[in-house]
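The chain below stands alone and is given in structure tokens; this is the form predicted on its own.
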Amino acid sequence: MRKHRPKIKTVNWILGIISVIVFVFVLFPPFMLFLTSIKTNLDALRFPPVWIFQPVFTNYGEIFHLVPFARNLTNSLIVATVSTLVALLVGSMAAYGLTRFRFRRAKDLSFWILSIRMTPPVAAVIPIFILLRNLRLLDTQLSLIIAYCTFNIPFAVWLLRSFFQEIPREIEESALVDGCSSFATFFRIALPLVAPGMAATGIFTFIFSWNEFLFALIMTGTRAQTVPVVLTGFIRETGIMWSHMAAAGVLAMAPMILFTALVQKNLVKGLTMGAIK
């Protein structure tokens, strides 16, 4: 046993060094983004980059005057939140139905749902654009919510399906014997048991909706623009306003970091659920 201790210690050191390298590699882009956001445009354009400079925080206030950033932030928050909630509600019910009820072509239906998620967004954007134009929904928050639900619901169904499969059927059968209806069994028994999976799915769908650019660019004009679209507003004919763009990027990251921190506990459980039996 003692002969293996130096070897284990060496492996731990190597793993620790690799962890530090990965940690630095992951955090370097947001760190540079923050540094750029507190530089003047002159310092931001210097090459090689300057590391010692006089920080300025006026960029954070000026972006609200240069573009309607508060309205764009509100649009992103509403669209991402509503599309995530709809995807979780509809996706969990569909996933539960596919897992617990037997009917013909159930496997084909599951694959068909997944195939929608495989569709490249660029192939679907024109048909959805024409459909929403005929419904007079362009440049509204509702148009983006519908478009994002088209991709988020299949993803939620496919992900939550595996979580429902982990729940023993005996627990739900006991609830049915005690007089619970199928809906009550779903909402009061099954849904709380897959809460970690719901958290993980919710984070992924929220991140997708928050960062999505193609649909937001094509289906919005001025009223329903989201944050990813308005970031392009800092590209002017006179040049790119790097400091202001970086400040807007830092503010755009804040809601996602806050949301992830709030559900972090359930997220870890959700990502590891089913890994150990």
Partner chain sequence: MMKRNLEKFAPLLFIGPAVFILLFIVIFPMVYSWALSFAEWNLMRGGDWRFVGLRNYAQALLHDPHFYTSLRVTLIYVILAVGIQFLLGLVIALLLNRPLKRVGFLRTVLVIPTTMTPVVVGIIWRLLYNPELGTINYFLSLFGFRPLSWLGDPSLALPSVIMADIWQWTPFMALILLAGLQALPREPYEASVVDGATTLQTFRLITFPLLLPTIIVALLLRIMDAFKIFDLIFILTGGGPGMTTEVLSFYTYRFGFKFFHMGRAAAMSLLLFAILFVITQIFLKYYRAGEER
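Positions refer to the first chain, counted from 1. Keep in mind the model is a prediction, meaning the values are calculated, not measured. For clarity, a rigid core is taken as the largest C-alpha set superposing within 1.5 Å between two forms.
Heads up, the form predicted together with its partner chain isn't pictured, but that's what we're talking about next.
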query: Contact label in the predicted bound form: residue 70 to its partner chain, heavy atom within 4.5 Å; finding: no
query: Residue 232 within 4.5 Å of its partner chain in the predicted bound form, heavy atoms; finding: yes
query: Partner proximity in the predicted bound form: residue 45 to its partner chain, non-hydrogen atom cutoff 4.5 Å; finding: yes
query: Non-hydrogen atom contact residue 61 with its partner chain in the predicted bound form at 4.5 angstroms; finding: no
query: Per-stretch contact check against its partner chain in the predicted bound form, the hit in 165-173, 148-156, 194-202, 76-84 (non-hydrogen atom, 4.5 angstroms); finding: 148-156
query: Its partner chain in the predicted bound form - contacting residues of 152-186, heavy atom within 4.5 Å; finding: 153, 154, 179, 181, 182, 183, 186
query: Large Cα move at residue 27 between the shown form and the other one, threshold 2 Å, rigid core; finding: yes
query: Core superposition between the shown form and the other one, C-alpha change of residue 221 at least 2 Å; finding: no
query: Threshold 2 Å Cα movement between the shown form and the other one for residue 65, core superposed; finding: no
